[in-house]
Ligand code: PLP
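Single chain ahead, by itself, as structure tokens, in the form predicted on its own.
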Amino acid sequence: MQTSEKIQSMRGLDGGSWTPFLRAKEMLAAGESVIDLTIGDHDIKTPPELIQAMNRSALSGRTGYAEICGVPRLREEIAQRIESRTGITTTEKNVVITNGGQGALILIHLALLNQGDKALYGEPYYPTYPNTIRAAGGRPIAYPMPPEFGFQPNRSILESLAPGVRTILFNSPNNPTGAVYPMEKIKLIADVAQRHHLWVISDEVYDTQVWQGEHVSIRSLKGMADRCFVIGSMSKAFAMTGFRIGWLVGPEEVMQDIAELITVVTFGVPEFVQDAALHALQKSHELEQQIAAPFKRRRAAALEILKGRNAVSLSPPDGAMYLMLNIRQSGMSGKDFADLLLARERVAVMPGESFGATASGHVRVAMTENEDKLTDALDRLASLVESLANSNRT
């Protein structure tokens, strides 16, 4: 028996995105020494007080079915958070709680796309983006943001692709590149969306990890609150990746329809998990800084260790927990280089091709180990590129 055409259309189209991660886990399970810098899962553990808050909630009996759209107090807290950061009036009716940021991604695409609708997304991209669109029945169309553009959106490219499109998805601060879109780029996306009547989906799960510049939410721009949806998550800001809790913010009338989808997709998020999230958000300033600080230090350490290593180039990340390294002087694809680096140096990274053709010849490094391990891994990586580059010249 064969599964649906929809699933068949998704199969094998991620380019083996998760292969280095899976291989590294196998090696670690076998007792091998590997520095695993593949995915954005914190080495910093969830703050104990959040686990204690969840435990207290569960022990108090909050283990039954939760409200479909989320616990009202949590939705109110998120609404206040969004309003304070955007200046746009936001209430709990604009918020639904989702199973992580990925849950928000699939729900909003299911809500907005009809079968065959075109949906734009930026490339390099988070690997689930195109298949999320396919799962919702849409036709994914990437708009390239090549390294020569600083991994930033370009007006002529967006204008050429926007006609006939239903939605546009973007992510700032960006995974995998670390790019933070300045106000002029956010205004560009808003302008294209308004003139071509596009729904905008803004993935802002890294909004607390900004090292240079300033995060601008597109919801804050005039005329955008009625056509944009903001995705947030507890995962990155609070080291709660395994809790699977996020949110979606958008126009009230669409949120009401999304409640119908939640009913048949997940039936909500456990109350005790939501209570832990509420506790975190009520102490957000302290906890967000605590979780973000190590990544800021590691970014500085990475820039220092790579200084003068001319065979490897880096667009310094302005946000998020990743480094996108250009390793083209090795003469290898990102995939082949990542395989060699793991086999020879026991350092696991993600090939750039996992994030789209625009990132070919690159590898992404997650800064998810302490400074000593991270700089050791980067030194090994740069030395391998230099060795290959020298061999190519002889």
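From 1 onward, residues are counted along the sequence shown. Since the model is a prediction, treat every value here as computed from it, not as a measurement.
Same protein, other form: the form predicted in complex with this ligand, not shown, and the subject of what follows.
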Which of V230, M145, A280, V205 has a heavy atom within 4.5 Å of this ligand in the predicted bound form? V205
Which one of S217, N171, Q274, T132 is close to this ligand in the predicted bound form, taking close to mean a heavy atom within 4.5 Å? N171
Among 82 to 90, 100 to 108, 290 to 298, 304 to 312, which stretch has residues with heavy atoms no more than 4.5 Å from this ligand in the predicted bound form? 100 to 108
Taking this ligand as it sits in the predicted bound form, is S235 near enough to touch it, meaning that at least one heavy atom pair lies within 4.5 angstroms? yes
Contact test in the predicted bound form: R166 vs this ligand, heavy atoms, 4.5 Å: no
Close approach of N175 to this ligand in the predicted bound form, 4.5 Å, heavy atom: yes
Examine W199 and determine whether its closest non-hydrogen atom to this ligand in the predicted bound form is within 4.5 angstroms. no
